[in-house]
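One chain comes next, on its own, written as structure tokens: the form predicted on its own.
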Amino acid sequence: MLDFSFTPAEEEFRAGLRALALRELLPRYREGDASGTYPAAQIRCVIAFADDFWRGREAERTLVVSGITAEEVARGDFSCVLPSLGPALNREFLDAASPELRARWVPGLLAGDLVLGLCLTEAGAGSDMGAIQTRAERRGDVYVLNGEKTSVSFLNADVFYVFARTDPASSDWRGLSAFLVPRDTPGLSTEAYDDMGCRAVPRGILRLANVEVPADAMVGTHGEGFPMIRRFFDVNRAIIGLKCVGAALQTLDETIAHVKERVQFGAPLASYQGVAFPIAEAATVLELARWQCYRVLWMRARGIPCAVEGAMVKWWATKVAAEVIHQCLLLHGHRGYTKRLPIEQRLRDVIGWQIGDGAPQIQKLIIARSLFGKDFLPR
């Protein structure tokens, strides 16, 4: 028999985290966007709540709990989600790191005291990781890195997770390796973008000019960087879907309250089918997207392959979340278009994640290849 319910502990955690998000995070959300200030204190607040809640029952803090965290934190402050996700997701992300690397970096990352920046994308290598040109050359006990990474989220990172080509003879995804590179390493420089959304989390370019790191800074096995990170994509795509759905669900709740109170032509807006029916449709598609995201996390926790399902939720959940937020903005009238409400900001934030971790076209290609065979090349 299928069971689409959280455990009692998960439900208690969800309720408590939502209350915290609306009380502590939501009032600061627009301020962070306006000032471009990283929400470090708010992230530590979420982490402290979660650590305290799960203390003594760490085995219950599963990937599903990371999903709950993404959904509920996004209701308060979209920018706080990724650093707040907890041990389960960090195990996935840095699972292949050596015990020494984990001891150095993971405690600070889990506490919110340190920030990690993922460096995959390049000007000529987005979803096609095989086109990565950044090089890591072995010279005795060190690797020397040269190249330029673009679209680095968390450009304020204390340590960068850099993917580079360690096999000069390779020309595709084979021969890529990953390194943890501290921010203060000589030869690193950054350039920030001026993004339309997620402005509290700096994003931009990381340049590496003769950057030396010890050989033991490598994460995982030499030349196996792509298979290692690809395994993380499935989970991350479900997390992205849930944080976008969370932002949309909060916007929907605010819109329901608005149309029940707003009176036009002698009746509340909610009494008109033209208002009520789009809200009913929005609630339906968000509920479907939400549970499909949790299904991906459930599958991964049980060792069931979920690359296709991850691709499905990545393009679809972000799409319907953006559409719902847009519809809610319209239902708020001219005020929804202003910065007096957080709706326009949520729309800008969510749209960015339709691109991040693979645009819709890439996700549909993954799905199509599962249907037609791996050699399928649509034109």
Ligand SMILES: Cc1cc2nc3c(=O)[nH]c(=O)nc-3n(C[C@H](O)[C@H](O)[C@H](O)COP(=O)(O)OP(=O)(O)OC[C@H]3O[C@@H](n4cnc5c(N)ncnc54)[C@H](O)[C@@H]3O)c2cc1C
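Just so you know, these numbers come straight off a predicted model, no measurement behind them. The first residue of the sequence shown is number 1, and the count goes up from there.
Beyond the structure shown, there is the form predicted in complex with this ligand, which is absent from this document and is the topic of what follows.
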Open item on the list: To verify the annotation, which of these, 90, 121, 236, 292, has a non-hydrogen atom within 4.5 Å of this ligand in the model of the complex?
Closed with: 121
Open item on the list: Just to be sure I understand the contacts: of 102, 300, 203, 258, which is the one whose heavy atoms reach within 4.5 angstroms of this ligand in the model of the complex?
Closed with: 203
Open item on the list: Can you tell me whether residue 153 touches this ligand? I mean in the model of the complex, with a 4.5 angstroms heavy atom cut-off.
Closed with: yes
- [ ] Decide whether residue 271 counts as a contact residue for this ligand in the model of the complex under a heavy atom distance cut-off of 4.5 Å.
- [x] no
- [ ] Using a 4.5 Å heavy atom cut-off, state whether residue 127 contacts this ligand in the model of the complex.
- [x] yes
Open item on the list: Since only the chain is shown here, I'm wondering whether residue 342 would be in contact with this ligand in the model of the complex (any heavy atom pair within 4.5 Å).
Closed with: no
Open item on the list: The chain here is shown without this ligand. Which stretch in 56-64, 346-354, 316-324, 35-43 comes within 4.5 angstroms of it in the model of the complex, by heavy atom distance?
Closed with: 346-354
